[in-house]
Structure formats: structure tokens, C-alpha cells
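Take a look at this single chain in C-alpha cells; it is the form predicted on its own.
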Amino acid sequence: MTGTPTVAIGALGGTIASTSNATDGGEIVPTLSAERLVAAVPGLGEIAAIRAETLAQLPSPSLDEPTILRTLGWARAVVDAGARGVVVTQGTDTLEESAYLLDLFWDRPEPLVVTGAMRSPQVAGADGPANLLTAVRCALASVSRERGVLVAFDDELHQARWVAKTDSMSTSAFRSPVFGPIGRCVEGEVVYAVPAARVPPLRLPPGQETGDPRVPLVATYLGDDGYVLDAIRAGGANGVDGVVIAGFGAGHVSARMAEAVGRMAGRVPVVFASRTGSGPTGRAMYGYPGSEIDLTARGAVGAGWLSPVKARLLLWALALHGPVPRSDLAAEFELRGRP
């Protein structure tokens, strides 16, 4: 296929690659290779030369940061070898996190597109082939360049920074709360509503492809007295590299939890985010104990518009370089936590 552009597809497993031996089609597990995923998409070979590689066969809850960083290294290598774009397939449960972690470090102009499926290949209405075809078209399109990592699902295109899985079962499970999708694939054409732009990527420290800082995510709740956060702090200096709090509303916690936040912030970086699923952390509206003003005064940093899981990944990525000074932490969340 001389002159045909190449798209590299790396498969990590997930529902899109899962099959069943049960008569009712249940109890699915990841079994399909990248080559078999590609073979199931009509017309795919007519629009691109496909380089397919199976990187893992895991359910998405079993993916972790080192696996995604190895995927990043693979994606860089195939682009440097001449691929016009890259597609990564995986399970949907952690897709919003994998895509954002890739985006934090993706330093190539070529598109890197993440996709998956909500229905396995053996059931009626399987959505994997359509999502994969959309992802390849997105990876091929010149208008997709310089946009960082994108998520292609249900014919919509989302920025990795804002996309979230918002439904446990629907084939239209992925949304970008507040900001919405930035593009669509219509009759085979990739169309964007906004110009290409992105936040500069972070630098991955040499030899940190398998690094694994410990950054827990703690969700607050009615009556939270800070017990869990204090238990983490009691683990000692070697316990954690930072903590993210999923707070009420605009990032709020109870007065007693605020005291625990202050104790923790004296030891390691603490970031507070909103657990609502949409909207930013506050800056200067409330002044009671546990409010955004109070938490900031105690040394914590607001996540801005980033969801708790993405705030955690940003703190995790920064911790790869070692201890994170509060001034640097605040600057990074100011830059990356805004539209």
C-alpha cells in the first residue's frame, strides 16, 4: 500500500477485546488480539495501513500507571518510526484516567486517540468496531494534530483532560461535563468546533517509565471526622507522596476533616477537588472551616476544573520528579486545571 498513511493500534484489553464461552454471552474476559480487533472493522484497511500490536490483555480495573507509561513509550516509538497517528484500545472503566495520563506526557504533534467499547464483540449492537473506525479516522486527520490525546467514542471526540465516563452501561457513556465534546466524526469526516490548542506536556524523568508514587484519593462524606486521612498520615513519612481529597460542592470538607487536611499538608502535598462531577473548586466564596479559603490557608491546593481522579494523576505525575514544593504544585494546577 505505497503512499497509504500508517496508523498504529495498540490493544490493552477491555470489553472491546473480550469474549465469552458461556451460552448466554456472559462472563466475558479479554482474549482478542489487536490483529483480530482490526480484522473485525469493515473498510479499515482501505483508509490506512494498520500496524496492530497487542500490548496487554487486561480488564481495565487491572491497568496501572506503569502500564500506561509503557504504552506511552510504545506510542512515541511508532510515531517516530513514521506512523501518522496512534490509537490505543482499552476497557472503559479507567479510560478517562489512562487518556489523561498519556496526555500529560504526550509530546508529539501526531494524534494519540484512546477508545474502547461498552458491548463485547459477540453481542448484538457491538460498538467496538465503529469506535475503532472513528478513532483511526481521527488519528489520520490533519486537523487532529497538536491536540494532545483525544478520546473517540460514539462518533464524538473529547479532550482527555475533560472527558469522563458518566454511565455504567450506556454506549454513549463518555461525556465532557460543562465543556462538551470538541469534535465529531460525520460521514467519515473529522470535524472540530474549536482550534487546535493544548497545555504543554510534562517532562517524564529519565528512567521513570515504571515509577509508581503513592498518591491516594480520599472521598469525604457526611460526618467525616478525618479518620481516614489521619490513618494515612499515621503510616509515616514513607507512606504516601501526596493526597487528593474529593470534597463536597466546590471542594469543601467538614471542620474536623479540615484539621486533618492541615496536619497532612504539613507532611506531603494535598490537593482538594470537587466530587460533583462538574464545575471547579472555589477560590474565594466561602470562609468557614473546611471551605476553599480555609483549606488553602492550611496548605492545600485547589484542583480547579480537574475531576478528583485527574487531579490525582497530575499530582502522581509531578511526584515522579520527587517531593513537590507547594508553589510548584499550585502553579501546575493553575495551568492545567483551567479551560
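Residue positions are given as counts along the sequence shown, with the first one as 1. Just so it is clear, the model here is predicted, and its values are computed rather than measured.
Keep in mind that the form predicted together with a small molecule is not shown, yet the notes after this line are about it.
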Checklist line | Contact assignment for the small molecule in the predicted complex, among Ala117, Val244, Leu104, Leu112, heavy atom within 4.5 Å | finding: Ala117
Check: Of the options Gly43, Gly287, Gly26, Pro61, which one has a non-hydrogen atom that comes within 4.5 Å of the small molecule in the predicted complex?
Finding: Pro61
Check: Is there a heavy atom of Lys165 lying 4.5 Å or less from a heavy atom of the small molecule in the predicted complex?
Finding: yes
Check: Given that the partner is absent here, does Asp224 sit within 4.5 Å of the small molecule in the predicted complex, heavy atoms only?
Finding: no
Notebook entry, point to check: So in the predicted complex, does Asp93 come within 4.5 Å of the small molecule, heavy atom to heavy atom?
Noted result: yes
Next item on the list: Name the stretch: of 189-197, 85-93, 104-112, 214-222, exactly one has residues whose heavy atoms fall within 4.5 Å of the small molecule in the predicted complex.
Entry: 85-93
